[in-house]
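The chain that follows stands alone, in the form predicted alone, written as structure tokens.
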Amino acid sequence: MALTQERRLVTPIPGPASQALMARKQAAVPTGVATTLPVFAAEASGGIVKDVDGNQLIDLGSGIAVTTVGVSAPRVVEAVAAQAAAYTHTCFMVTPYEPYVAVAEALNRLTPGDHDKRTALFNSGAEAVENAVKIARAATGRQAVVVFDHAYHGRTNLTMAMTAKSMPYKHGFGPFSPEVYRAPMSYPFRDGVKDGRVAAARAIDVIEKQVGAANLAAVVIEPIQGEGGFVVPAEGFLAAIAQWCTDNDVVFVADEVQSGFGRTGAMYACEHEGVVPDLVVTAKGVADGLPLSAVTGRAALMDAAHASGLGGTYGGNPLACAAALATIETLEADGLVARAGEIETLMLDRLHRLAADDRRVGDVRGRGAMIAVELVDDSGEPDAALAKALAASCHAAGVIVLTCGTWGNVLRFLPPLTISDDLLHEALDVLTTALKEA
């Protein structure tokens, strides 16, 4: 790898060069564009991000689940360079090109189910979610959309309406798109319901009473919630919701923006429960950092939109498509989906031991390389202050961690699948020390 895979601090965090760049950022970029760490990246490779001061930080964020196969993975760099030398853009809607078709073919193969599928490419996760809703509405002739408590689906107007958390995602930005309704999510640590079928019955009761299947185009759900706190629903919840959708001709949409593409130890998180969605939304990890997203689904649904009803100037940009094909090759050739399972075993073992020694770690959950701890106070209530303090301590010690959750009390870990066990152990040693000192 281009960088030595070791944590190294040569200045305090942030160093002088990062501080100077932050001053420039504050003078040029609006305050609404915030940053998690006050350091500026210069290089990155494997499980390490090097900043402009020469500090090397262990990366447990992957650019929020994007650089799953490692930053600038060799196959991706080579593929993007070759594509850039050929052409950078023509617009698929004007003069189409083979890489778009190849990515669509790959996603048709990789997404759950062996039915006839079609794929359309877009730029961001939020854009793909919006298009999934468009497709569902076109196919059903209905307007209503159901989402869940703690959900995050994006920052556009429709996806803000679909997102549960107000601050910082929705506050002051309304009014929002209508015909979006919310059902209770299965959240075993908070609701105490361990039987997913019972939790699903509760949600379905709300849907039937407050929306009605006859009005409903789609149910959109993250198989493992991302920003909402890495909430893993109780076993049976997803399958019961999907079956209800099938029985009522409602489109079941799996938003796998954060949980997809090998992150959880399966190519898509819904595979862990054998659920086959009608539509699957892919983004983040699909192209190793280049902007690309997709909606993949049953051919009859995907073909419901009229000609030119789907698309966008940059959707399926050839550079991003080249990166996606190289990312898929890397995942498959290097056995990285299985590697996610190894990361899960290591991290859950360490974090469960941490929880056994400290009751402030209320819950340890997740799959693959999508793991989280929920932090609580002595009464079991969410402790956002502790999460913030621990994240700050880890950052100062050279470990990139992220917070999330409806109450801001969850630490989430999203390491690249190429990270070494040694770096994972070292990062968790830092976390353990920070928790003892908090």
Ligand code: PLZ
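Don't overthink the numbering: it's just position in the shown sequence, from 1. All figures in this text were calculated on a predicted structure; none of them were measured in a lab.
This next part talks about the form predicted in complex with the ligand, which is not shown.
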| item | value |
| --- | --- |
| Close approach of E227 to the ligand in the model of the complex, 4.5 Å, heavy atom | yes |
| Partner contact for R263 in the model of the complex: the ligand, 4.5 angstroms, heavy atom | no |
| Non-hydrogen atom contact G125 with the ligand in the model of the complex at 4.5 angstroms | yes |
| Distance check, V257 to the ligand in the model of the complex, heavy atom within 4.5 Å | yes |
| Option touching the ligand, based on a heavy atom within 4.5 Å in the model of the complex, out of P112, G289, G154, G315 | G154 |
| Interface residue in the model of the complex among V376, V52, I64, A392, criterion: non-hydrogen atom within 4.5 angstroms of the ligand | I64 |
| Interface segment, criterion being heavy atoms within 4.5 Å of the ligand in the model of the complex, picked from 92-100, 329-337, 306-314, 125-133 | 125-133 |
| Contacts with the ligand in the model of the complex - residues in 184-210 whose heavy atoms fall within 4.5 Å | none |
